[in-house]
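First, one chain by itself in structure tokens, the form predicted alone.
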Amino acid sequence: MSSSGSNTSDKGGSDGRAKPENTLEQETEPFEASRLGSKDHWNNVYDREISNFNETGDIGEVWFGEDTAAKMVTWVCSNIEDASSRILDVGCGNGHLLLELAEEGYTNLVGTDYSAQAVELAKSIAKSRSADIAYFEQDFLDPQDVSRVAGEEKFDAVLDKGTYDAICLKPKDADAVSVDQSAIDMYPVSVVSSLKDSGVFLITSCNWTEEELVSRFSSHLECTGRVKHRSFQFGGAVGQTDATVAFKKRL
């Protein structure tokens, strides 16, 4: 699962729902499970991208596009003034988001992914650009692994660009039809366990609206802001291509 490596855009909006900006819609049923929620799929993706990077220097796909990543970087720069703040990109994929933050002067950056191949690629890219970023393999749904990476210090910010989308497509078992609800339920717990009490969580999704994200995280996190994306109109409703929402811990 990866922020830059969890492209679920072939699911986003595929059910024909416009994503309203100003109206609260009823919570929808989860999507059916998909290969995009499986670890084997992402291992295969990053095996190919490692080969491409070694051959051509191409870092691979920037999921959601560079414009969306730039909006997240702008939000961080506007809301986290201390460049030494400890920032985690969960499901980092090729590490593009952290590379952009390093360019902005942030110095305490950590990226994790459950795909060892993604971590290998991210490390290689960071080394090629002389970027000082720490990358680790991590199962973000395992409390012990979450605690291992967070440490006693924990993080000032946790970033997610597509990882929750992938988790919402994770198969419950080999039938690859039912999603793993326990994984979906564990995700916000892992976010809270990773954050300092004063920490912030910034998530971008292409599968869920702003209102759905607020609803889904409301038991653990409180919405503090939103990032606007390109709007569109479909069936008389106005929506956004992606949703980016900021949260803080409920204390």
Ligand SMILES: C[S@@+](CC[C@H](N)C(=O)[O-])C[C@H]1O[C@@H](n2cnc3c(N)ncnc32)[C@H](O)[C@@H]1O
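Keep in mind it's a predicted model, so treat the numbers as computed, not measured. Note that residue numbering begins at 1 and tracks the sequence as displayed.
If you look for the form predicted in complex with the ligand, you will not find it shown, but the lines that follow are about it.
- Within this chain, Ala126 is remote from the site of the ligand in the model of the complex, having no heavy atom within 4.5 Å.
- Using a 4.5 angstroms limit between non-hydrogen atoms, Ala166 touches the ligand in the model of the complex.
- Taking non-hydrogen atoms only, Tyr135 never approaches the ligand to within 4.5 angstroms in the model of the complex.
- In the model of the complex, none of the heavy atoms of Gly111 sits within 4.5 Å of a heavy atom of the ligand.
- Only one of 88-96, 150-158, 101-109, 75-83 lies within 4.5 Å of the ligand in the model of the complex by heavy atoms, and it is 88-96.
- With the partner omitted here, the residue from Glu61, Glu222, Glu32, Asp47 that has a non-hydrogen atom within 4.5 angstroms of the ligand in the model of the complex is Glu61.
- Residues are counted as partner-facing when one of their heavy atoms sits within 4.5 Å of the ligand in the model of the complex; in 140-161 these are Phe140, Leu141, Lys161, in sequence order.
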